[in-house]
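Shown below, as structure tokens, is a lone chain in the form predicted alone; questions about how it binds or moves come after it.
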């Protein structure tokens, strides 16, 4: 059985390595015999990759090899970094992630500013958002949602991993006044 297990792990490794997107457990299951559990194979492969230069991590709804976190900083000098998105694009992406599916008008209302088509185009080109149909109202505006690429880019397993709004809002602290700092005699 050990030889078979090693072969199944090698198959999983090859599938994940060859895939541009995170590999789902379902995709691996389709390649394995019925009596072999894909989750067991993935967990064993993950165990074997621990401490190596690349590690198997669960991303979104699938699995992907990633550079070991302790080595990533050393590689930034040799590997070109992807282009950073402008602030307006990051704000738009955050709104889409938390409110999806959402229309352009809703994004503009939440941001309090108009949204250029170039911003949506940049997010589409980066494969971070996708069209999610049309709202069933007059004019049938397009709906926008995030993609599995968004989850992979930000290291999320699901949208439920996004920080909660309450975690992002700063607590208001009562201001300290001169009177409150003077000790009473």
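Quick caveat, the model's predicted, so the values are computed rather than measured. We call the rigid core whatever largest set of C-alpha positions still superposes within 1.5 Å between the two forms. Numbering follows the first chain given and starts at 1.
There is another form of the same protein, the form predicted together with a further copy of the same chain; it is not shown, and what comes next is about it.
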Does the 4.5 Å heavy atom contact test between residue 66 and a further copy of the same chain in the model of the complex come out positive?
yes
Considering non-hydrogen atoms and a 4.5 Å limit, does a further copy of the same chain approach residue 136 in the model of the complex?
no
When the contact criterion is heavy atoms within 4.5 Å, does residue 61 count as touching a further copy of the same chain in the model of the complex?
no
Answer for residue 52 alone: is it within 4.5 Å of a further copy of the same chain in the model of the complex, judged on heavy atom distances?
yes
Though a further copy of the same chain is not shown, can you say which of 142, 145, 31, 124 has a heavy atom within 4.5 Å of it in the model of the complex?
31
Classify residue 49 as shifted (yes) or not shifted (no) between this form and the one not shown, where shifted means its C-alpha moves by 2 Å or more with the rigid core superposed.
yes
Superpose the two forms on their rigid core, then report whether the C-alpha of residue 140 is displaced by 2 angstroms or more between this form and the one not shown.
no
Determine whether the C-alpha of residue 127 shifts by 2 Å or more between this form and the one not shown once the rigid core is superposed.
no
